[in-house]
Every structure is written in C-alpha cells, then in structure tokens.
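A lone chain, given as structure tokens: the form predicted alone.
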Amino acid sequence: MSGGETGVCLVGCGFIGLTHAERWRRIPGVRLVACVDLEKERAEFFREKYGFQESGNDLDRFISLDKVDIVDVCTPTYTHKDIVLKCLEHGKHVIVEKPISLKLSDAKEMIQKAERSGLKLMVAHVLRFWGEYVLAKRLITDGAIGEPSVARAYRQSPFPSWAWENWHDYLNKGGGVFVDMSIHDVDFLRWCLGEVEEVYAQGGTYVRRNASSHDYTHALLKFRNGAIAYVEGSWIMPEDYPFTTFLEVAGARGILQVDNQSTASVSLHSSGKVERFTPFERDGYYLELQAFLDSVIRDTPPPVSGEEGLRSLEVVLAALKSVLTREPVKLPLEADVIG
C-alpha cells in the first residue's frame, strides 16, 4: 500500500464486476488501479466509467503491479482456480466471487496456497453482509424465535442469459442453478444453523434442453443439530419475472421471514406480536468489500474465509450429486462431483 491508499485490480468486467466496481469507487482509501477483461473494449469502458487508472486483457501484467494490493475476481466460476492461484503467486490478497470453485480439490488448493503465502483469501458470500440477512442472523442468535428447527429458502429468476458466452449452460463451467445461485441460501443457513450432514435433492434441466446444467433444483438439508431446511433454486421463470427471494426460519417460540418482494424486509412473529423491520443504509456488496479491505489493512482474518466457501460448496455439490444419483448424500464428500 502506498500513500495510505489500497490498490485494487478488478478482474472480470461483467455483471458482477460492474456491481463491485460501483462499490469500490465509493469506499474511502481505495485506489482503482486496473480493470481486466478478456474483451479489451469492455475493460476500457470500465476504466472510463469508474475511474480505473489502467485497463486491458493482460492479467499477468496488471496483477504484478506493485501498486496492486487486492485483486477482486469477478469472472465465471470455472476460471476461479487458475486466476486466484496466479494472484496469490504474485503476492496479492484476493476476494473471489462465489462459488469459490466447482471442485473441492481446487478450493482446497486455493486455500492452502493462501495459507502458505500468508495472504488473505475471502469468498464473496454477500448475504452475510446484506442488511436483512444480518438482522435475521442477529435475531436468531439472540433467541428471538427460540431454537431454530425448520427453514425454507427460495431463490427464483429467469435464466441468466446475459452471461458471457452462456457459460451457465454448462455443468463444467457453472455447476447449474443450485451450485451457482442457491449457494447463497445454503451459506446463510450454514451460518445460522451450523453444518449440514445429509442432502437429498431433485431437479434437472427443464427449459434449456440443450444445456448440460440443471435449471431447477430443490433440496432437503439435514443439519447436525437436527434442524431441517428446504431450499429451492429456479432458473425456469419467465423472462419478465422479477428476481425473487424468500427466507423463513421457524423455532420453538416464533417464526422469522425475509421477503424481497415486500416493503417490510424482515418480519418477526413471536410472543403473540408481529414486528416488521425495514433496514438498511448500505448494501451488502459495499459492506463485504469494505470488510475485506479492513481485514487486509488490519491484518485480521477475512470474515468469510476460503474454508467457509469450501464448506458451502460441499453442500451444493452434494445436492448436485443427489440429483444425479437419485439418492441421499451424506457429508463430507469423498471426491469431486464435477469432472
């Protein structure tokens, strides 16, 4: 870090890269050094719009710059391993979009490389920073609903046809809807309820018949503490259907709901009364990037470690394996699911 500023290199100038760039430029103490994309024109657009100092498609050159301290990897999932390892080899701290990878073996290699290098590796599981979910986590932890025992989570949208070269169509590039999208809900439920011991899932490819990835999956998760959760991920909604999420957690004393289609973001039904909360000043993307920046500056562990990303990946891969084998799958997994 030089001049009291932390230099950031953004890799991947697509949809999530745009989301991150918008937040990075508002965080004090950050210098936007470079943005990198396979398509030079798109990187140049980001440079002009967000104020990066340089842009281009030469990843090796930009991540080797001394003034780069953090690399933010916002590329398709199947590219994460190679890019993250390369950034760590150049001595850079890395935040990588979820899922950490498509293979458990790749995730473990990334984690081990960061540990050996003494560098920070964080997985961008944004729900852990999203106001409604942070509040829900606090209410659960504080015992507002008693011991949580049953949960439901839905995440529904049209197929992400905006993605570069339709990489979500391919199982070996994106993993399908449950791996790519439902991992948000799985990670949050792990955060609140603990580790999962068994998964039973059903699903398949229902709309994009030529795709190898699944566009719909629902799964039943059984947690070590005895709690159960139903999680549904859907990319089969009509094109004009709004992105929709829903979370419900029930305990012995009440029930908590988070619904992105309502004005009241969080509803708590407990002790004969209903409370409604509408947070929140800053969004989760800003807060997760700020949290990673703080961990780098203060030399503290990142709030969502590579190991946490690995554990959530394991659950969604278990769901994929369950769909493929039509059998319940116990954790931990013994081998990679995607070849």
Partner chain sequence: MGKIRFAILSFAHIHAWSYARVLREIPETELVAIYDDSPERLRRAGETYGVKKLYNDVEKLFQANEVDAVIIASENSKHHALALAAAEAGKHMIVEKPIATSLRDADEMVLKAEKKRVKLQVAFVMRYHDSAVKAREIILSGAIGRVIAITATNHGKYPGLWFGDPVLAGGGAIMDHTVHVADLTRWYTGDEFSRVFCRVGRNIRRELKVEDNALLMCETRGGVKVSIDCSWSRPDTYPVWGDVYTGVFGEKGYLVLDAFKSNVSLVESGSPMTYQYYGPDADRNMILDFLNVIKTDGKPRASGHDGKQALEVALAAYESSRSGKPVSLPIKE
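Positions refer to the first chain, counted from 1. Everything numeric here is computed off the predicted structure, so don't read it as measured data.
What follows is about the form predicted in complex with the partner chain, which we do not show.
Highlighted residues Glu147, Gly254 and Lys330: every one comes within 4.5 Å of the partner chain in the model of the complex, counting any heavy atom. Only one of Leu88, Leu247, Ala229, Leu127 comes within 4.5 Å of the partner chain in the model of the complex through a heavy atom, and that residue is Ala229.
Only one of Val134, Ala163, Leu220, Ile111 lies close to the partner chain in the model of the complex, with a heavy atom inside 4.5 Å, and it is Leu220. Proximity to the partner chain in the model of the complex, taken as heavy atoms within 4.5 Å, picks out 232-240 from the listed stretches 180-188, 117-125, 232-240, 92-100. Contact annotation for Ser267: none of its heavy atoms lies within 4.5 Å of the partner chain in the model of the complex. Taking the partner from the other structure, the partner chain in the model of the complex has no heavy atom within 4.5 Å of any heavy atom of Lys81.
In the model of the complex, at least one heavy atom of Gly203 sits within 4.5 Å of the partner chain. With a 4.5 Å cutoff on heavy atoms, Asn225 counts as touching the partner chain in the model of the complex.
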